[in-house]
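Here's a solo chain for you in structure tokens, the form predicted alone.
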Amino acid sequence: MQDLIWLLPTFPLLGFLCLVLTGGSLPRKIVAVIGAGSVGLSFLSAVLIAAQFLASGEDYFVKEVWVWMAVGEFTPGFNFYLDGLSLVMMLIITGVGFLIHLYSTGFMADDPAYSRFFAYMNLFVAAMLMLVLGDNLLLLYLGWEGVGLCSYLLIGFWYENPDNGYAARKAFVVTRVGDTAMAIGLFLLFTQLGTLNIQDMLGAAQQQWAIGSPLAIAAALLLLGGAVGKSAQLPLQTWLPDAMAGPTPISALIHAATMVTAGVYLVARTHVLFELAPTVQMLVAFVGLATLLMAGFTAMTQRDIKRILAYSTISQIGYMFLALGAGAWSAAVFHLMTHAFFKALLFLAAGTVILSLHHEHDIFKMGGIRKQLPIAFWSFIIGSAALAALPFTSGFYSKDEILLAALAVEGPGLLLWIGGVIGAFFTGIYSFRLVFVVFFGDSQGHQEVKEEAGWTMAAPLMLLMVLALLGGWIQVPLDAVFSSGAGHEEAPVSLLVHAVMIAAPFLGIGVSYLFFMSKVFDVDKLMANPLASSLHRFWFSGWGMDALYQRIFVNPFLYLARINRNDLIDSFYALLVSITRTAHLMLARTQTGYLGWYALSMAAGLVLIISLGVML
């Protein structure tokens, strides 16, 4: 069965081709079968392959399909590499992806571009599988750019609205910054190590580069640039909140469960390079810490239900980067998995709420809908509990490992741990602020609530509720992948440390309850304070990052474009054209048709040539 690993990206790719080539002419039921069924076949194949791989006891498996290109000694192939890390990723992509596709068959049922939606989604899944299964960095980069393209297409899916097109372009441009850094990193690795095969490259790096080598630092920094772009970490996080312009299932699949975790996968896959560059690895930790705190502050101020979850995603990926920087590779991947469960659950539940309230996104125009939408309500309760890392939920086990790993880091470990605990406090506030405002209290005058959709939307929510609760018990087979990063789990930790980590989210929930449920504290009175109001505006704007980039990059570019409106380069070539045309007209005027004039011209030319010859 392992030899058929190439089927995993092939099924959704065939689904994409079928839907594109038929041009939307297929009946919706057939489109749903092809769109969701192709990913379902990939998931079934992934389960069978995973079972055989785990039973074999092998550390890894390589399937060589064909040679992609042969240029001298550079012969990258379409080869698939299976180990514990890629196994976890392929199961998340196909499993969670299938549930989201199934949900989408109901959510998008009334959309006129039904077939185009599933074509894009299928292509995304195929590209993401290529990314995580490729055995060389070139094939990984093909999938990397493929998911970037699909992200652009899906964010701007409702392109009739200019704002959606802007959000799609913004995501494409911002992530291209990171992708360019990553491409330069691949050039550096190939020129210095002679290969892009991931395992060979890592082995060569260990042999040729000492710890702290400038080349290792440069390579790790360039790969980190790609990772922060794709995973929406500082300073390239600004695209993700605007990406909520796409349909909600897209937010669940691409911007919560899979694509934005590609950067985490890249750092984990090339962890040897970061171990050879400890300063860059520590930078990864601080990037994650700064991002999770910034996003936590911002999430507390948002009104749009999807933007709250978007900033929550940025924050949770910050925890994954914190784990990577701490050397807790397994903990980062573990949180990646649990996050896929509870964040997909929250986004899909948010989609149900939005659809039931006639596409309302403002949480303060909702309220009191827990009885009308019981499945969405319990989805939010369980998903928010896991997001806040309450005990016995999946998020508790993974976040607990990350915080303990951060504490074990020599030097800044205590600082990293305190920052992570503060982030957990913020998570408790914004996650249950969302629950209290949307589902409790009085109705805020919204229209009549539509009934929850059929089983195609309810079944994925129920399965994800189970995974969000029990996913922390899943054992990820990563011992053979990472040679280090697990020892922190054995270090003894005081009961006080555990108590603080458990208490932090509960304190956040308590604060949220006092403000938004019991109304002991009045938000309006708090906002009357000038300092609180200013901080609220600053955090609501995403710490002014968009305005900063507008001033530093966009405005100067537009200024230069206005100066060069007539294009100086084109003006030079236009001058050449003008001179040529003038000369042509002058010569054309000499063509009079009189033989005497032609004879005189020839004689004059002959005299001129002879004179020049004599002079020279």
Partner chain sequence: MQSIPIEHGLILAGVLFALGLVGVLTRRNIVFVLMSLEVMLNASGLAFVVASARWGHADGQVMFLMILTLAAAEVAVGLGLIIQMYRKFKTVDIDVLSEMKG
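Residue numbers count along the first chain shown, from 1. What we label the rigid core is the largest C-alpha set whose atoms superpose within 1.5 Å from one form to the other. Everything quoted here is computed from the prediction, not taken from an experiment.
Just so it is clear, the following notes concern the form predicted together with the partner chain, a form of the same protein that is not shown.
Contact between A547 and the partner chain in the predicted complex is not found at the 4.5 Å heavy atom cutoff.
Put simply, Q591 is close to the partner chain in the predicted complex: some heavy atom of it is within 4.5 Å.
With the core superposed, S56 shows a C-alpha displacement below 2 Å between the shown form and the other one.
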